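Listed next as structure tokens is one chain, alone, in the form predicted on its own.
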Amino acid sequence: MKSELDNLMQSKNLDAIMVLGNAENNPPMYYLTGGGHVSDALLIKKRGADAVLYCNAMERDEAAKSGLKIIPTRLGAMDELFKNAKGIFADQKIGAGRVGVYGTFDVGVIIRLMDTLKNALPDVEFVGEMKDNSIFMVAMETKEESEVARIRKMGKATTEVVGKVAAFLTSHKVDENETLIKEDGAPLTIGDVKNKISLWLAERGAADVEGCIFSIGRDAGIPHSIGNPADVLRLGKTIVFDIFPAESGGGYFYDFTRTWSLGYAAPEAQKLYDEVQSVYEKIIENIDLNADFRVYQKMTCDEFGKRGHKTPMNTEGVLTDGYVHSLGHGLGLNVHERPGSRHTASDDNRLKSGVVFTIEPGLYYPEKGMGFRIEDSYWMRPDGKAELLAEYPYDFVLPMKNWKPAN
């Protein structure tokens, strides 16, 4: 939580932190400012002191909504930093020590800026951290209830959109080739569906920031294949629908996946889906407060391994079929946060109180033209209960309203 920042800075021997970039779609800046239309800003927080936000004077009212002390600049804060770094750091009483650097900005600009800062401030050491274990990722790992409420609201918006997509698909007519057909007689494509998804999310104050996964057939067997916009929707083919929208303006994410087969499912597809659902249910039944997240990755690998599937724990090298990824991850202002469940993760990746996390087992067989994943997002409540943040059915086969099997 934010209240941990000073202690985290001390643990990393940081005298101050500097965050660069926009307030929107920039998790460290958003975390401290609450977002808003503030561009090319500079935030400096000295350990034990309140943060100060430098911004373009034209955006001073937007910046003031953060509740932080605002220092307007004539041009952008980054231009001011290039021209007057020594003065800015003197004003914040930072003449020496270690300063952590965070935020989102063009790499070329950062390289030039670091050269400028080193020349202007030779007694200051500027420090970069790996993202997964940065002070921000550690602070963000546990959420306040107000943050969880926003994630829960995004979950409601997400599942509403998923329901609209299901109704949209199943209302279409089907031709003799088992292809879904639009009113004009053209095949319904993945691109058509994604256009609807973007619209329905926008109507709910959400944005498809990183592009959802809506893939069919072979592409469904490749976990991060987003789907080919030109592919047509057909009956009996597995569809992996992984949707991870965020609040408009770069706020909190939700993460959710269902796997569908329209009209009917091949026996092998039904068997594999049932295995994924069985493993998902076993994991949920065994979730415990403060448990090592890696325990559930091992449990997942054991369960799939017993069923004859390759997993990261029984197969060396790159996996292209079977269970090929880790079980879940933290969720917040980033779609992937701490804690992590990979079996090689450190033992401090635990399901402690306040953590929001995903559970997402899956099986992938691209050469068989099929893939399967079930994913929900949970909050580990202070009472030790893992709360599902948005409910939605687990139906695999979606009956078509305008089609019946021949026999």
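A residue's number is simply how far along the shown sequence it sits, counting from 1. Owing to the predicted nature of the structure, the values given are computational and were not obtained by experimental measurement.
Although it is not shown, the form predicted in complex with another copy of the chain is what the next lines describe.
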Interface residue in the model of the complex among Ile181, Ala166, Ile226, Leu289, criterion: non-hydrogen atom within 4.5 angstroms of another copy of the chain | Ile226
Using heavy atoms only and a 4.5 Å cut-off, determine which of Lys282, Lys173, Lys86, Lys131 is in contact with another copy of the chain in the model of the complex.
-> Lys131
Could you tell me which of 268-276, 145-153, 86-94, 105-113 sits within 4.5 Å of another copy of the chain in the model of the complex, going by non-hydrogen atoms?
-> 105-113
With the partner left out of view, is Val295 within 4.5 angstroms of another copy of the chain in the model of the complex by any non-hydrogen atom?
-> no
Taking 4.5 angstroms as the cut-off for heavy atoms, does Ala202 touch another copy of the chain in the model of the complex?
-> yes
Would you check, heavy atoms only and a 4.5 Å threshold, whether Glu303 touches another copy of the chain in the model of the complex?
-> no
Does any heavy atom of Asp192 come within 4.5 Å of a heavy atom of another copy of the chain in the model of the complex?
-> no
Taking another copy of the chain as it sits in the model of the complex, which residues of 49-78 have a non-hydrogen atom within 4.5 Å of it? Please list them.
-> Ala57, Met58, Glu59, Arg60, Asp61, Glu62, Lys65, Pro72, Thr73, Arg74, Leu75
